[in-house]
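As structure tokens, one chain now follows by itself in the form predicted on its own.
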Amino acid sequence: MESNQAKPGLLCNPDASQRTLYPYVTGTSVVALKYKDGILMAADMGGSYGSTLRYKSVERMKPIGKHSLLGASGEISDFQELLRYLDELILYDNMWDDGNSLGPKEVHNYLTRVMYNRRNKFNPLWNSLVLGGVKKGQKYLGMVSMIGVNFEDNHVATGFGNHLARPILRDEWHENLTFEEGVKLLEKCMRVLLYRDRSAVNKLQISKITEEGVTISQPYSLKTFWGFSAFENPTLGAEGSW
């Protein structure tokens, strides 16, 4: 009689491992908010290989169709795979040539189904996504996690931004923000993240989407100050420090 024990060949089958088992090159936080005329979104351009900040020109915000803007943190290759899915979706929608086009709510719903489907296959896409857009005067902003958890809000953030940027946004955001005020608020959030997030890099882009379309800024750096005593000797007085 054959043994009921698992055969080594079944456990080591190379075909069973052709998926992202662990994120390799990752991007950190994305922060987005609604402002008076549309949606503003910010992300830095760092790509971390483990704990090493390996790449410093990774674009993590992309326009989707006519009405949507997508930002992603997490595994960069999985984000590229998602962009291929979305290219096919938008192409298929355009082929109908019926005068209609997918809005941000439809794209967001599609992403929630994709992420949840992949999670149920135990083959998730290792990303947290922010989807914003404007269609027929209606602003839309939502996020979806790697297991399909999703919600809409007036401001959202992924990664470290969920812990450090959202409290700032809750205190200072209001629905009548001008473009300049919105950019200033996002820069404040990104500066806090730069100080506290080891994966953040001081090279970022801010994008906006309105009824006229998507505009993504050229990369630029924030003005920073590193002279705080807490930065100079962060373990001074810490329990157990030498």
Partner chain sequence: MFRNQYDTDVTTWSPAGRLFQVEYAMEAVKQGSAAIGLRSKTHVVLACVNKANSELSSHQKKIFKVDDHIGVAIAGLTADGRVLSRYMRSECINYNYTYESPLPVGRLVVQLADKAQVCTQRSWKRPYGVGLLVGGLDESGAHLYYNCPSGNYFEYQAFAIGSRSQAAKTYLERRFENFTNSSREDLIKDALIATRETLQGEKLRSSICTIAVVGVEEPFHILDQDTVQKLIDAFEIVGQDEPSVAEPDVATEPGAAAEEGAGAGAGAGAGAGDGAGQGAVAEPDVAPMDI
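Positions refer to the first chain, counted from 1. Since the structure is predicted, the reported quantities are computational estimates derived from the model, not experimental observations.
Keep in mind the form predicted in complex with its partner chain is missing from the figure; the text below concerns it.
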>> With the distance limit set at 4.5 angstroms and only heavy atoms considered, check whether Leu89, Asp93 and Lys135 all reach its partner chain in the predicted complex.
In response: yes
>> Please tell me which of Leu141, Ala157, Met115, Leu102 lies within 4.5 Å of its partner chain in the predicted complex, judged by heavy atoms.
In response: Leu102
>> Considering non-hydrogen atoms and a 4.5 Å limit, does its partner chain approach Glu81 in the predicted complex?
In response: no
>> How about Asn109 - does it come within 4.5 Å of its partner chain in the predicted complex, if we only consider non-hydrogen atoms?
In response: yes
>> Under a 4.5 Å heavy atom criterion, is Asp171 part of the interface with its partner chain in the predicted complex?
In response: no
>> For the interface check, one of 73-81, 162-170, 94-102, 124-132 should have non-hydrogen atoms within 4.5 Å of its partner chain in the predicted complex; which one?
In response: 94-102
